[in-house]
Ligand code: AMP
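A single chain, nothing else alongside it, follows as structure tokens in the form predicted alone.
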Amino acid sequence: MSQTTVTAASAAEVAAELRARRAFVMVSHVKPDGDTLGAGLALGIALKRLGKRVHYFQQDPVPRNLRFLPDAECVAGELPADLPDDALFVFCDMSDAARAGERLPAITRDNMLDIDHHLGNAMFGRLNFVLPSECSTGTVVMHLMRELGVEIDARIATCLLTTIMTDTGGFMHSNTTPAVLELSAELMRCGADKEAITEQIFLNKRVAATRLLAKIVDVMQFAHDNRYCYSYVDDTMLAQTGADGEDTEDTVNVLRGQEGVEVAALFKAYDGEIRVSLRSNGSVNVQAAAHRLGGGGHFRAAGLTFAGSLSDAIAAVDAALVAQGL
């Protein structure tokens, strides 16, 4: 990266940069969810309407439940050979550039725009539009839409409402504020189909996913006076059920939903690594706990990748949660 000074940017400054550039690459993080992808697609569609050249980079394939999103068919795991040297890479919903994965080529900071809502963002771009008070990166993007004066059509509205519904758990989480509900209503009036989004994100589960959930629940454990619930999923369980990593999405919320549970963790020990998803009812800051182990996220929802054995991961996460007051 260049040594350009890191900037906390305003919506006006970011919009000016977007107007000035000719070409863009919208970048999603590895293991993409509805927020990283929906935010990038929404802004990409808007920039196309302004006559810009837009590409979408994502190291991992688009998950099954997100393929309904407008422009999702344009997402690729490689960059075009004729991409201009001054193309702006727009990183959506990631606290550091490494979250984009190792297949993204090296990019100078001058050509990085960081759009996010995570606590502890590394401010890795030349411009960083980071609003931790927002419920999703998509709602951060909405500020830019208004600054650019782009009309929100049904395609953009669908992408943005998907980001909100993903990161509020279908309006169940504490980040579902009156402003979030008002914005969601606005997006629905613009043509976003809430029922279709609900079906794709929350209801359209594979039988393999249900069988996997049964195994995860069967091995779940409780600790700290039953205030902490944790479980795991490994390669054997995936093979036995015919499931894959996508089928683990939202499972940690089942653990958090058990009676009396304040904090939950799901340890995903497959594909040669251990990733941990953490959820809290607000009594414990899981973002701070994850940060102790090199991860990040939000006060009530966070994650990390652990180098070591599953048993070591379980012990380390327990210690980090205890240090945060569990």
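Sequential numbering from 1, following the sequence displayed. This structure is a prediction, so every number in the text was calculated from the model and none was measured.
What comes next is about the form predicted together with the ligand, which is not displayed.
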field: Any non-hydrogen atom of residue 34 within 4.5 angstroms of the ligand in the predicted bound form
entry: no
message: Is residue 14 near the ligand? Define near as a heavy atom within 4.5 Å, in the predicted bound form.
response: no
- prompt: If you check in the predicted bound form, is residue 277 within 4.5 Å of the ligand, heavy atoms only?
  reply: yes
query: Is the gap between residue 211 and the ligand in the predicted bound form 4.5 Å or less for some heavy atom pair?
result: no
Proximity to the ligand in the predicted bound form, single hit among 184, 231, 95, 241 (heavy atom within 4.5 Å): 95
- request: Would you kindly say which of 261, 288, 301, 62 lies with a heavy atom within 4.5 Å of the ligand in the predicted bound form?
  value: 301
message: Only one of these stretches, 222 to 230, 70 to 78, 194 to 202, 95 to 103, has heavy atoms within 4.5 Å of the ligand in the predicted bound form; which one is it?
response: 95 to 103
